[in-house]
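Only one chain is included here, represented as structure tokens and corresponding to the form predicted on its own.
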Amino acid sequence: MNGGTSDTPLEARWLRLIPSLVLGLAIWIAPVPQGVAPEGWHTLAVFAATILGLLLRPFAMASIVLLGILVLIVTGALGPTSKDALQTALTGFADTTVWLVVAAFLIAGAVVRTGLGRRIALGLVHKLGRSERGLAYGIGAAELVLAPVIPSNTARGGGILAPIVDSLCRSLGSEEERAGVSRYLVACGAHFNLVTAAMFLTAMAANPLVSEAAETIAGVQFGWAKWALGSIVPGLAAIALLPLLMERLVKPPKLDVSAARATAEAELAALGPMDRAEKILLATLGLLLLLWATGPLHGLHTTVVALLGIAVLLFTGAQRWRDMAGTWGAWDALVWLGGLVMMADHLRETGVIDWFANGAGAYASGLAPLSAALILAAVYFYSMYGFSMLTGHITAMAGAFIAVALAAGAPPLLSIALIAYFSNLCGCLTHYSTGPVVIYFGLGYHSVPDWFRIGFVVSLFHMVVWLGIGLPWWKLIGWW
């Protein structure tokens, strides 16, 4: 879902960039509000234009962010000289959270390259897939195991699991017989992906933007362990209940799924026995999860732990640097994520975030703190209908909604948690919200109205689970 594909004529791509340029220019020449530095206002203009560019996707995300950075440097919005401005522009690329994403992408590349991810997914589907529901739980279990170590939900859901799900669907008897079960498995796969993306900081590439906003705007550390602590109870409940909900929505027929299990077994056998590299990688992943989960005990930063994992893989010979460095998603994320982090930091330092939060917070100031947090979170969730990409939605809205919630007096940790988890769960609403959803929908088992109907019901399901179970859990651990 990166946009700007090479088969789109260059002229057409530039035309799609025009609305971004117009928006940026309109904000740039508008009067600067009181309390906001002029360079902050100009940064807001470029930031808004960049976000619109990410939504329209005329070019790749990294290309659009890079253009925004250059505009800020050349116009002097980041400093009086080009050298000063460049030094400011590069601060985002030194951010520890950005490098956590880079390191996680490099590790994820190893999981895909060695075939370990596919082996885990096929093994779980084969073990659990004794019925339609069992196959669904196998898909969910695979998502849950792989999510903490594969930060691209597209690579995880679209690259590893969607082909497996499609292969299983094709093995279920005749086309007419398998249609209902296929719709069921595809819907479960797509929505499992979003649930697991919400459960871990390292399960979706844009999640660190929420963590970064929590620290810069609220002064709250919302790292890997805290993110997982808040999500584990409602997340596991959602995984356990989702197949049951889908059975009511899709009503799959009862079929003999032994053929699907046989397909998974055959594909698993084709992988052969686990080799040395896979064994080392599996042990390394276990070590990473252990260290991430126990961060408060040993004091190692999350990013340091990820880099330690890379070092283990390299110095044991399980991976070669040439192969790891070929994971283009890591360097792509470095450019667009580092650039966006820098812009967000500059907006805060120049008073733009405070100006926006104080102005918007006044509208919610009459609400009770808990009500303010819940209402703002619900508005944030359903605003996803207006976006074509989770990353764009998070970039444009997450920090702003956290700021408004705090200005309205909402509990900081609760507000951050709701925005963090809803940032991924809201992808259930449409068939174009994120890469794996597009891929699952593209398998052809659902119509657009069918997907929207299921998606809206799933959104209500998330509200019930993540508020009905999540709120008491967050109260128990002292988040509000």
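From 1 onward, residues are counted along the sequence shown. Keep in mind the model is a prediction, meaning the values are calculated, not measured.
The next section is about a form of this same protein that is not shown, the form predicted in complex with another copy of the chain.
Requested in this report: Name the residue from 266, 241, 287, 86 that puts a heavy atom within 4.5 Å of another copy of the chain in the predicted complex.
Outcome: Contact residue from the list: 86.
Query raised in the report: Given that another copy of the chain is left out here, which of 130, 251, 170, 320 has a heavy atom within 4.5 Å of it in the predicted complex?
Result: The residue from 130, 251, 170, 320 that makes the contact is 320.
Query raised in the report: Would another copy of the chain in the predicted complex be within 4.5 angstroms of a non-hydrogen atom of every residue among 64, 303 and 334?
Result: Contact check passed for all of 64, 303 and 334.
Query raised in the report: Taking heavy atoms only, is residue 14 within 4.5 angstroms of another copy of the chain in the predicted complex?
Result: Flag for residue 14 set to yes.
**Report entry** Non-hydrogen atom contact residue 272 with another copy of the chain in the predicted complex at 4.5 angstroms
**Finding:** Contact check for residue 272: no, nothing within 4.5 Å of another copy of the chain in the predicted complex.
Query raised in the report: Any chance residue 379 has a heavy atom within 4.5 Å of another copy of the chain in the predicted complex?
Result: No, residue 379 stays farther than 4.5 Å from another copy of the chain in the predicted complex.
Query raised in the report: Any chance residue 326 has a heavy atom within 4.5 Å of another copy of the chain in the predicted complex?
Result: So residue 326 counts as contacting another copy of the chain.
Query raised in the report: Among 132-140, 309-317, 118-126, 190-198, which stretch sits within 4.5 Å of another copy of the chain in the predicted complex, heavy atoms only?
Result: Heavy-atom contact with the partner occurs in 309-317.
Report task. For the stretch 38-55, return the residues whose heavy atoms include at least one within 4.5 Å of another copy of the chain in the predicted complex, in the order they occur. Result -> Stretch hits: zero.
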